[in-house]
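Next comes just one chain, in structure tokens: the form predicted alone.
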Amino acid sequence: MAKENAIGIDLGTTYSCVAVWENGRAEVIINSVGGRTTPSCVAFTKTERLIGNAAAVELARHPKSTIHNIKRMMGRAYNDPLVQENKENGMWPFMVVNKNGSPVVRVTMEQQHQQQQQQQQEFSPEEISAMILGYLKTTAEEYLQQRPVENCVITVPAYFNHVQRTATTDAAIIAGLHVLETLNEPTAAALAYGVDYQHRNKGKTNNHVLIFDFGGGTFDVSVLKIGPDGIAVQATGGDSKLGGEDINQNMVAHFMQQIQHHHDVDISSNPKSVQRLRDACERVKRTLSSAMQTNFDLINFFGNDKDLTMELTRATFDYINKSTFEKTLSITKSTLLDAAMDKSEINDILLVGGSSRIPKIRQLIQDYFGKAPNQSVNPDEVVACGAAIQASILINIGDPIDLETRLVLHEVTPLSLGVRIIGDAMCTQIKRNTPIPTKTTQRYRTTSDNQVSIQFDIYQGEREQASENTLVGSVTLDGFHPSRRGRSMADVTFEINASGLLTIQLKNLDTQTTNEIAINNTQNLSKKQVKTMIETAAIFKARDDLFRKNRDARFALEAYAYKVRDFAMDELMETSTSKQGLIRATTKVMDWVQSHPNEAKAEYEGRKRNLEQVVKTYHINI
């Protein structure tokens, strides 16, 4: 019987990573180009769909058909301020449109022949994420020697709300994955760190760890206790719209002002120029982690052979990002307050996410805590490794230092949950940072005479005004007896299980009937939509497979033609009839291939067989 496999996936805003528990440790799986992380990017070209590194190459050339930073769109409404901001500031140069209140990406599918009409296709954020997850799934299966991978633990920012977590699970389902658990990213990092900690300390002491997770699109901070009883999250905080991309945006805005001032040129309406500048800002940001100043040149940036040359010092970089950096420290301080802990009680600080490499961030953390952060983990890989460890536990493969008894996870809910009541007030039933699993019941009364039903609008967030929070879903309870205001009552029970999944139970006290419901939000996909997207994903996979087969057949024909030509030119006499015949035959084949780059596999294979027959007529073995 084949060994069951389960992988851990860190689905990041800018980069993703996949790992598996193997040979007694979490192994990061290298992708097809040798990378340990994969750009979270999908591009649509004239001939194919590209994912990962190949897609990232297309970003500067075709920004409108290359989709990136899609994680920031997950689980959000079209009118969400972040969606509108990212549309306007050029962070999303591709087209984002409104479809039934949800944002979708509209891509113009370029055609191979100009006379063909351009085709537009729309993709939900879940579908784009599913393409990235499908690539990671395939990468894992190739690493595991084609053993099928269906189970996974997928990580999400700790500050993701219920809607965003559901959207992530839907994306995995579309990609053909079964989600064992959605694990908070800081908790995954703590789990990977905890394995090593337990090895070193034999599980005898408690350790208070602060996870500072500053990634490409989100920021999380969690305070945890690691000890003999497992990993217990004390408090979590964060901002799901704060990350390295915001740092890049600050730099883009800075340089655009400089370009306007020194060159009197406004590039804001030119997506390709903005994207070239954004790519340069990413390189500058990375360089300034090890250098005090740097410059960059963008060739022919203004056209007519006019280049752009800019310089940035680390001091200026720190200045233009001052408010972003200080916000991370402010959230860190608030989370410590929520955990009822003093900074002196923190034994270790783990920096997670690529943005945590920025020297100013490390300096702020070190100055505040009075100690250097722990650098024993790889910020880019530790989350995926923690997810792989949890996946191995959940399907009972491997037993990393008795994790089931020593490193049991005790999570908290990151955001408050409640019901909207009269006056748009938020009646909180579960407060944020409540340990889970948890269960609580609240009684509600009718608010008008002869009321026979109550609509419950479920919100998640910390604002006093319910509508300022995130709507998780709505449900109506019917069957109340007509009576005076306040006489009919209903009990509403919120329950969150150990995986963070929310279920709601409604009890009509007039009839004593009980209903348990699953909350469906308008921003989340219906089962029918998920099924349709699974079918669409299968079609895309079939197209990709067909394209690869056709391409491989073309390459095989080209390679054989060149091999025959090289043999004829190197091995045969100049006056040889066979030499001239083979060169003519191979030249004819290569000319045909150049003018027919997208033919079917059978056509290429037929041409290859014909060339092989020509070679045989000269009685030559190649």
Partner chain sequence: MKLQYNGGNLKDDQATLESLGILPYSVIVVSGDQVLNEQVQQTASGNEEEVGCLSRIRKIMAESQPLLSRVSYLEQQQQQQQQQQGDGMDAAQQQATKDELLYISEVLMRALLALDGVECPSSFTTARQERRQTVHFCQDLLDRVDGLKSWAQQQQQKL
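Numbering follows the first chain given and starts at 1. Note that the rigid core is defined as the largest set of C-alphas that superpose within 1.5 Å between two forms. Note that the structure is a prediction, hence the values are computed from the model and not measured.
Missing here is the form predicted in complex with the partner chain; even so, the following discussion is about that form.
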{"query": "Option touching the partner chain, based on a heavy atom within 4.5 Å in the predicted bound form, out of 563, 588, 596, 46", "finding": "46"}
{"query": "Option touching the partner chain, based on a heavy atom within 4.5 Å in the predicted bound form, out of 390, 275, 321, 234", "finding": "275"}
{"query": "Heavy atom of each of 27, 36 and 289 within 4.5 Å of the partner chain in the predicted bound form", "finding": "yes"}
{"query": "Residue 450 within 4.5 Å of the partner chain in the predicted bound form, heavy atoms", "finding": "no"}
{"query": "In the predicted bound form, residue 264 touching the partner chain (heavy atom, 4.5 Å)", "finding": "no"}
{"query": "Residue 57: touches the partner chain in the predicted bound form, heavy atom cutoff 4.5 angstroms", "finding": "yes"}
{"query": "Partner proximity in the predicted bound form: residue 279 to the partner chain, non-hydrogen atom cutoff 4.5 Å", "finding": "yes"}
{"query": "Residue stretch of 279 to 287, 168 to 176, 322 to 330, 464 to 472 approaching the partner chain in the predicted bound form, non-hydrogen atom distance within 4.5 Å", "finding": "279 to 287"}
{"query": "Heavy atom contacts to the partner chain in the predicted bound form at 4.5 Å, residues of 293 to 322 in sequence order", "finding": "297, 298, 299, 300, 305, 307"}
{"query": "Residue 551: Cα shift of 2 Å or greater between the shown form and the other one (core-aligned)", "finding": "no"}
{"query": "Core-aligned CA displacement of residue 172 at least 2 Å between the shown form and the other one", "finding": "no"}
{"query": "Post core alignment: residue 380 C-alpha displaced by 2 Å or more between the shown form and the other one", "finding": "no"}
